[in-house]
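This document starts with one chain, in the form predicted alone, laid out as structure tokens.
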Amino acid sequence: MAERIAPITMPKFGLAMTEGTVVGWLAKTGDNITAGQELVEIETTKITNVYESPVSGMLRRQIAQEGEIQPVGALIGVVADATVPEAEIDAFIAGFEAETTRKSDDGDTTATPANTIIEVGTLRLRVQDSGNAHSGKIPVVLIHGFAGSLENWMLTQPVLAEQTRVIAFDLPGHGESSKSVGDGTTRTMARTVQDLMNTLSIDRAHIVGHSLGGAIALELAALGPDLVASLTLIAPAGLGPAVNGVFIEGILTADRRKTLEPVLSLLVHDKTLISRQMIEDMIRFKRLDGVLPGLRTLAAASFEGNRQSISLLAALENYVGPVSILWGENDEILPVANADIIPDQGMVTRYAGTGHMPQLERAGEVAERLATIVTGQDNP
């Protein structure tokens, strides 16, 4: 451990997160822990996630107890070597809290990027534009999947925003964007992404697509290869034939907690990540005017029962830039076996014990991988 005493603070899982609830500690006071070890379970209004220890050492104090709500950056625990006296830890805690109070009094706060509604042709898209547009690095565009939203990137976007400009947005038919989806094809969605990039004066970007967003990313690479600096496809549609039709049908028809919870649970290997808030948010979303017709159109354009009606393997093979494909081995929606048809298996990274959303269940590893792509250190 580089420091004699290290603080454990309330993490920031998403750009909009301001506070979190300590659900429970996964290590006891006095336990020796290692960097990367699961340390404490945190719940926000959007997600329940496990926070991994940033340091190694002994967990000397659990300051925030189960059920406590703390703001982002608040001291919730202390890690230190066993030889550090209790009095020294007491002084460290007092100094940390005094500094936090000073910063609050001085108005030293970190601005949270706002969601804005942008007109793109005849559509209105909700966009979260974050990071440093003047970093000199190529920006990143994040494309979520079927029935998702820009919040799907809440654990990914903040990490990338430290490097460059990052754009997350709600696809047509999703979130707070216009509910019109046209013919619902991935090609039509890709044209919308192209139009959004033009509207935001982005002439080239690293494109990251999840699930149906992966198919849209491939379509974008075929439409405008010069727009795409690299492709990162996370459990993508359009590669391989299989899809879990139960999930697609469930999204369209389930309208109560009892019926929707098992459908959303298919998204992850760790079912505890599906929170009550997530389920209630989906129920409210589906009640909005135009949502269900739009989702039905999108589903009909790409899926038929347990088969995908789209194939974008040719688009993948024709794209000449860097490609990374990230897939959970326990994906219950688009099985990882779909990746077997990819000629260059060096493109594919498989995550054990992970479902359809590696950016949630393997948030740290996925964000780190994407960060290396942004900085040009990755050469898949």
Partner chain sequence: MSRKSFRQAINEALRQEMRRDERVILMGEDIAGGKGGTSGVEEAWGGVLGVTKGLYTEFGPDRVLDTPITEASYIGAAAGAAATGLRPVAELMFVDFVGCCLDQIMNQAAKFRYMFGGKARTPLVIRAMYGAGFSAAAQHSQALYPIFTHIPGLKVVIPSSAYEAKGLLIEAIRDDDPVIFLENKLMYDEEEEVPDEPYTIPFGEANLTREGDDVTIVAFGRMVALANQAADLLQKQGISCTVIDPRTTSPLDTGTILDCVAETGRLVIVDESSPRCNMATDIAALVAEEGFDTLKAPIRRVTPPHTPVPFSTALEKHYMPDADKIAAAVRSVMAYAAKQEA
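Every value quoted in this text rests on a predicted model; they were computed, and no experiment measured them. Positions refer to the first chain, counted from 1.
The following text describes the form predicted together with the partner chain, which does not appear among the structures shown.
Does the partner chain come within 4.5 Å of any heavy atom of residue 179 in the model of the complex?
Within the cut-off, so yes.
Taking the partner chain as it sits in the model of the complex, is residue 276 near enough to touch it, meaning that at least one heavy atom pair lies within 4.5 angstroms?
Yes, residue 276 sits close enough to the partner chain in the model of the complex that at least one of its heavy atoms falls within 4.5 Å.
Does any heavy atom of residue 288 come within 4.5 Å of a heavy atom of the partner chain in the model of the complex?
Result yes; residue 288 sits at the interface with the partner chain in the model of the complex.
Residue-level contact is defined here as any heavy atom of the residue lying within 4.5 Å of the partner chain in the model of the complex; does residue 307 satisfy this criterion?
Residue 307: no, not in contact with the partner chain in the model of the complex.
Please tell me which of 238, 175, 145, 77 lies within 4.5 Å of the partner chain in the model of the complex, judged by heavy atoms.
For this set of options, the contacting one is 175.
Where does the partner chain sit in the model of the complex: which of 212-220, 188-196, 294-302, 276-284, heavy atoms within 4.5 Å?
Heavy atoms within 4.5 Å of the partner chain in the model of the complex occur in 276-284.
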